[in-house]
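Next up, structure tokens for two forms of one chain, structure 1 and then structure 2.
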Structure 1
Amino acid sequence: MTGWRKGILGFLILLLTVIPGFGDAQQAPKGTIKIYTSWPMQGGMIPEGTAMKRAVDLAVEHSKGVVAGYRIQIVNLDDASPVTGTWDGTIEAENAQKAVADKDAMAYIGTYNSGAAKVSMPITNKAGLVQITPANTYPGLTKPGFEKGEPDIYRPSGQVNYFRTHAADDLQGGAGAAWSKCLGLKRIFVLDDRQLYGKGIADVFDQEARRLGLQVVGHEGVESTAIDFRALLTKVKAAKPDLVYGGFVIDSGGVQIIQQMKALGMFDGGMKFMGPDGLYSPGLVEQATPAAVNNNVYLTFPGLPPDQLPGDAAKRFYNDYKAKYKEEPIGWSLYAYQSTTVILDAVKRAGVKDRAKILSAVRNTKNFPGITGIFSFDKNGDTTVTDMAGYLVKDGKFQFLRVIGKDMKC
């Protein structure tokens, strides 16, 4: 090693030893609180996973990194398997165990996939560690009435430790059905990608549509990795629906369905497509082409998008995110930010590094000025704000049409 290299190394070591020590002495005399995050950070999830991580970092930065005298440290874990690139139950379980075993861990932010939450929820619950999801929308995680035994099977300790700051799929599927009735779209063909999220939301839509007196002419599950859906769409076309409802996320076939509906001339006779927030991404327009989506695609979204949100908290998030990372905060990053602020607020109110006290502070979150509005948590751990937005794709952009909801009046 030459002299100058030694010098640089010495300087780096000096930096490493001095700076954290300096910070501790000045601002965080009481030690460190760790917040674990866990969602896929590879494969198709790289853009969204990264955006969510950045949003969490931004929330910590907004609190100046120190809350109630504790330095806040984020431990970012990945619950995807390198083989498949999607979430893996074993890895998610390991992540949750890691957090539970760390004495400094006071909160667990995760997961992205509802299936993964089913694995980690009992683990954090037994340890009394608060868990808050930035993205899970499967209703059975918090509410009874879906799969047998839910949600108690996720709560072995009997108390609620899992929260979400956005509305679940039962509300979104219902809002979609009510909205299509208002739009006068009465014959409906339902498609889904057979995943927990896509099928879950499509099933709720299906049930609610029937309850509202709409005619569901078919319901099919597709292979989410396929790219050629012409044969299935021929069947849909022959059924002559007014609306095709698609329970998809951006990379599970919905894009191709819309593109090939256009190629088969299905939109020509006034047929429409409606999808949930999983398709709410700029990628939809880019990948399916503006010609296919414009004026043909309706989307529902639990909450308003960052750039449309009223209130200073929302503007601050949106502007600072864009300034810092030079791109739009996509998808669920908004909720990753909001979940982090809820936890930091609870730490502040609890004032001590104690899992039980912080958990109870989160549970008692009342009239919290979040970016999606002022909300509290109900007894299941769900947000009290359930307003959703209905969009139409127009000129290659998502144009906000109206506030929608399960019990909306036309």
Structure 2
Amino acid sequence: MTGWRKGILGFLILLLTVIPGFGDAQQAPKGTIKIYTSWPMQGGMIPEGTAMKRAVDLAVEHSKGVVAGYRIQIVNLDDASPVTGTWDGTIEAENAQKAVADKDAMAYIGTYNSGAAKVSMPITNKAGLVQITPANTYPGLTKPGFEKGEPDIYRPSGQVNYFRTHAADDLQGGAGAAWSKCLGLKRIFVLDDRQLYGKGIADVFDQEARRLGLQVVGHEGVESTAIDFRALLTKVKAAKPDLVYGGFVIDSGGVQIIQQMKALGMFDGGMKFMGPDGLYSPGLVEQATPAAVNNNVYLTFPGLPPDQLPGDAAKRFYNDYKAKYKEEPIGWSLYAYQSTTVILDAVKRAGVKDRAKILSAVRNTKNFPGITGIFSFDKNGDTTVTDMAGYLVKDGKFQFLRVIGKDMKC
């Protein structure tokens, strides 16, 4: 090979392997489509947030990074305050505005916290930008009958642009109450963090528990920024419940409640704690300590564990995630992956870089072969698949016990 030919070949190799995006551009002649993500990536949310980010990246990798002739680029944003380490409404609004203002942005995956979704939903709705959550479970974001004006107040355009591929809290709270009855836990004290998600799911649990004939001996809300709950827990202990149900997320008081229940000897007599998906995170075990949580804490989650999911798509996600990241895909990572695959499928079906057409394609998702099973979106943007899992924390891990549901048989 002559010298000048070697030089040209070397230059081409340099372009393909060193200069970012050049190789992709050759495979994606139509340009770039950006997908924005937004959830906390600080404090107690680092394990969960990292797992979700990895799952999104894996979904793009499985698509080879190019869909319908467009290179797919993920833009990860953090909606947590560097001061508090928890989600911040101002930051979430800024994140949504960034996505809306970016002409290449065709989808917004967020948020983790339901309260944060109330901030970004009207922004993406006005812009006609599809938003799909990997974790929000507050029912009023999509369903009427909860807070006044919901969900229409989040839809200023009058059109549905917000979707979720997992079940909402009206189903999860009811499933938790039914499971409590099956576990023989009849006297219950309910606690919540007074936030949209925590109070919402605790209220549903409370109502369904009473309907099922369980005795709710108390219901208290706490400040999510508090760390000392001993006075309250002394009152709870005196009520002699079989179960304390806590509507919390990992950074809103649930960890401290469990720690202090252990310190006050509340678990010694057989009392248990049950929480929702907001506590389903390795951070719970790490922060509350295995001594406090082991055999004392039940958790519910709107979906089956990754290794229990049916179908080849689920197996591919589970096996590839473990192989790539050397750990189990935790918590909401499976829905972060599934949300991304729904968007990528919509881009493929739309075939063009157009927000309205991509939104229409998502809205018309039918019989989608997701990792949680085949599902469609209903008129509210909710999934038709509602399987849920019940866990016990044992040996520092989340042990899957059974499939649960509002109408489950004991």
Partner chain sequence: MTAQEVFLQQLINGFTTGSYLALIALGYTMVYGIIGLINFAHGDIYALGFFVSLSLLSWMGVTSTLTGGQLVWAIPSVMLLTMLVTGLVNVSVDRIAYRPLRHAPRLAPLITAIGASFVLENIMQNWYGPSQVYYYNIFPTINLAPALLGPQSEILFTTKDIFLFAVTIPLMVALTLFVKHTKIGKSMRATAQDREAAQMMGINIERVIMTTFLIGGALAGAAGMVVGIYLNTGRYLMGFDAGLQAFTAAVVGGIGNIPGAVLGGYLIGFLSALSDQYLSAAWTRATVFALLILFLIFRPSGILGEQIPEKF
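Throughout, rigid core stands for the largest set of C-alpha atoms superposing within 1.5 Å between the two forms. When a residue number appears, read it as a position in the sequence of structure 1, where counting begins at 1. Owing to the predicted nature of the structure, the values given are computational and were not obtained by experimental measurement.
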{"property": "Selected structure - criterion: the form predicted together with the partner chain", "result": "1"}
{"property": "Displaced residue check between the two structures: residue 245, CA, 2 Å or over, core reference", "result": "yes"}
{"property": "Did residue 213 shift 2 Å or more between the two structures, C-alpha, core superposed", "result": "yes"}
{"property": "Core superposition between the two structures, C-alpha change of residue 99 at least 2 Å", "result": "no"}
{"property": "Per-residue CA shift, residue 196 (Å; core superposed between the two structures)", "result": "2.4"}
